[in-house]
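Okay, so here's just one chain, in structure tokens, the form predicted on its own.
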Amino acid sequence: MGQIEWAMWANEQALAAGLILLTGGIVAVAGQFKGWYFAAYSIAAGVLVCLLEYPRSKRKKGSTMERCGQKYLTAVVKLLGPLTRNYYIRAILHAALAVPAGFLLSTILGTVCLGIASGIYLLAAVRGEEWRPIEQKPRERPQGGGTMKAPPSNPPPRPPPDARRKQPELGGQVNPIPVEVE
């Protein structure tokens, strides 16, 4: 069996945590909760986590499904270099971002989720994983030479290939058994 790539799990967990922090912060600010400044912090932290975690990392083996619009944020994450590529730094960053949001009830779920993501990132870093961007391969255009076939000449439904062969026309068929009329 193959090895688990923990960074993929951490990425999904952290993205969900960022959305939960953002939602909890919006609820607390809109509801004018006591300690609303923790909610405003949670909104900013949620947006930062979502922007950092939206681009997926390339897998070691197999193919990686790129998220819609990921290439734009991938360029930003690549620019930040080792600050975003190293999973030890991500684990510490997520743990630090989670602490202030834990003082408000509406953002505590996001805090717990971000703490779990931080732990998974730490595990991924210990196992030697790091963030790698998904590069687009240039698409190969098919050559118009050898393998292209002409389009079909007769419309569907087409008979099976055996029935497509033309029968030689003999002008008429002769019945070998004589038929008598009564």
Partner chain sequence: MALSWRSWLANEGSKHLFLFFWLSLNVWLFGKTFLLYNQGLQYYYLHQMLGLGLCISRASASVLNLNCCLVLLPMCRVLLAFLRGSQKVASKKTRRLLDKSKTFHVTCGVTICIFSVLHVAAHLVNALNFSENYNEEFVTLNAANYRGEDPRKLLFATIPGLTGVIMVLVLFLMCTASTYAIRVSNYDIFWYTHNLFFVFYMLLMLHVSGGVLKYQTNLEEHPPGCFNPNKTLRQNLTVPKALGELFPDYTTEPFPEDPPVPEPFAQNSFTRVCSEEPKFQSHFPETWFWISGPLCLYCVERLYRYIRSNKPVTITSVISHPSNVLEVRMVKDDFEARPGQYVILHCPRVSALESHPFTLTMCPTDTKATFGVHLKVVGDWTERFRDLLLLHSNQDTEILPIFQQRRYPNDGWKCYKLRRLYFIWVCRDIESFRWFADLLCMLHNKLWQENRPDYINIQLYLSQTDGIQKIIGEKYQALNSRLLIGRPRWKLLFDDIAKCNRRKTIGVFCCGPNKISKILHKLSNSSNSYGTRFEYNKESFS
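Residue numbers count along the first chain shown, from 1. Source: prediction; values computed, not measured.
Another form, the form predicted together with its partner chain, is not on view; read the next lines as being about it.
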| query | finding |
| --- | --- |
| Contact flag, Ala150 vs its partner chain in the model of the complex, heavy atom cut 4.5 Å | no |
| Partner proximity in the model of the complex: Arg59 to its partner chain, non-hydrogen atom cutoff 4.5 Å | yes |
| Leu105: touches its partner chain in the model of the complex, heavy atom cutoff 4.5 angstroms | yes |
| Its partner chain contact in the model of the complex: Ala39, any heavy atom under 4.5 Å | no |
| Interface residue in the model of the complex among Ala45, Ala124, Ala28, Cys113, criterion: non-hydrogen atom within 4.5 angstroms of its partner chain | Cys113 |
